[in-house]
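One chain comes next, on its own, written as structure tokens: the form predicted on its own.
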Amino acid sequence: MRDLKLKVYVADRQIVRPGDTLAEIEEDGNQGFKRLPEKHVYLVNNKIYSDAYGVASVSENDIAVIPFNTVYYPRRDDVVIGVIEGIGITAWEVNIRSPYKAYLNASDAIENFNPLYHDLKSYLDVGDMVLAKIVAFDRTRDPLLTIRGKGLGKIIEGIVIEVKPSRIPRIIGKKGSMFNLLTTKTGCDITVAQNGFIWAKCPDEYRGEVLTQAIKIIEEKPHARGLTEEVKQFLEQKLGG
């Protein structure tokens, strides 16, 4: 919705319900139905409605809803953290905190894979975690993952913090403001997965604990005004300015 002129009907941080009118696009050209699941809104005849119970997020010329509670709905190209839950002959079964079970093909992780002599368990076992990307998902198939790509693969160090998937936009913040605050103040290398996991590699255990506490503050009150300043003060109190 960026670059479109909006007439906004709600205030930033206002609680909204499914079906509430949030804004109107003051231009012609969108007379049909369109859903933007990542923003939890849908458009009908140039009007923008909430599809969730949550708080409105209004910034410049964009609008979205941060739901109070949701499950993760897979989307192609999303980066997710999954837990290996099953091992087959040619693929791993992966829990990505979604109603849909995801799969990682062995040929994606093992060069020249041959089921006759490659044992998948020796590469990824039940309980292992992977940082992966969704490469395919539609009505006809479960999510298909890949661990090929920069930074993707088995997670072997750091900490993984679990939050509600609906809190991810707030943890990132407007224009990455909250994410930048967390990384700058803690010195941790942070990867935010869309399915509600945050993977962090921190300089020491204490900073990892402080980061976890800060993220839990964000998770508990994403609709609070002045949350970024509150988190900043918390981090400075724990780690110094």
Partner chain sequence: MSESKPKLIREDGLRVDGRKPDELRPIRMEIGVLKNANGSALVEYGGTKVLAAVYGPREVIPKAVQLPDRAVLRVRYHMAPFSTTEHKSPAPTRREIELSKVIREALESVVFADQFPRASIDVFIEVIQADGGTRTAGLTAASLALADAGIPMKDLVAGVAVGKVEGVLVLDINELEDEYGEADLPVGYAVGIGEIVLLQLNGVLTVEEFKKAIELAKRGAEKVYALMKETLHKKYLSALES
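Numbering follows the first chain given and starts at 1. Computed from a predicted model, the values in this text were never measured in an experiment.
Unshown form predicted together with its partner chain; subsequent notes refer to it.
Taking the partner from elsewhere, residue 35 is found to have a heavy atom lying within 4.5 Å of its partner chain in the model of the complex. Although the partner is absent here, residue 25 sits far enough away that none of its heavy atoms falls within 4.5 Å of its partner chain in the model of the complex. At a distance threshold of 4.5 angstroms between non-hydrogen atoms, residue 226 is out of contact with its partner chain in the model of the complex. Contact annotation for residue 138: at least one heavy atom lies within 4.5 Å of its partner chain in the model of the complex.
Annotated contact segment (heavy atom within 4.5 Å of its partner chain in the model of the complex): 37 to 45, selected among 57 to 65, 206 to 214, 180 to 188, 37 to 45.
Among 154, 118, 133, 101, the residue placing a heavy atom within 4.5 Å of its partner chain in the model of the complex is 101. Contact with its partner chain in the model of the complex, judged by any heavy atom within 4.5 Å, is made by just one of 71, 163, 147, 87: 71.
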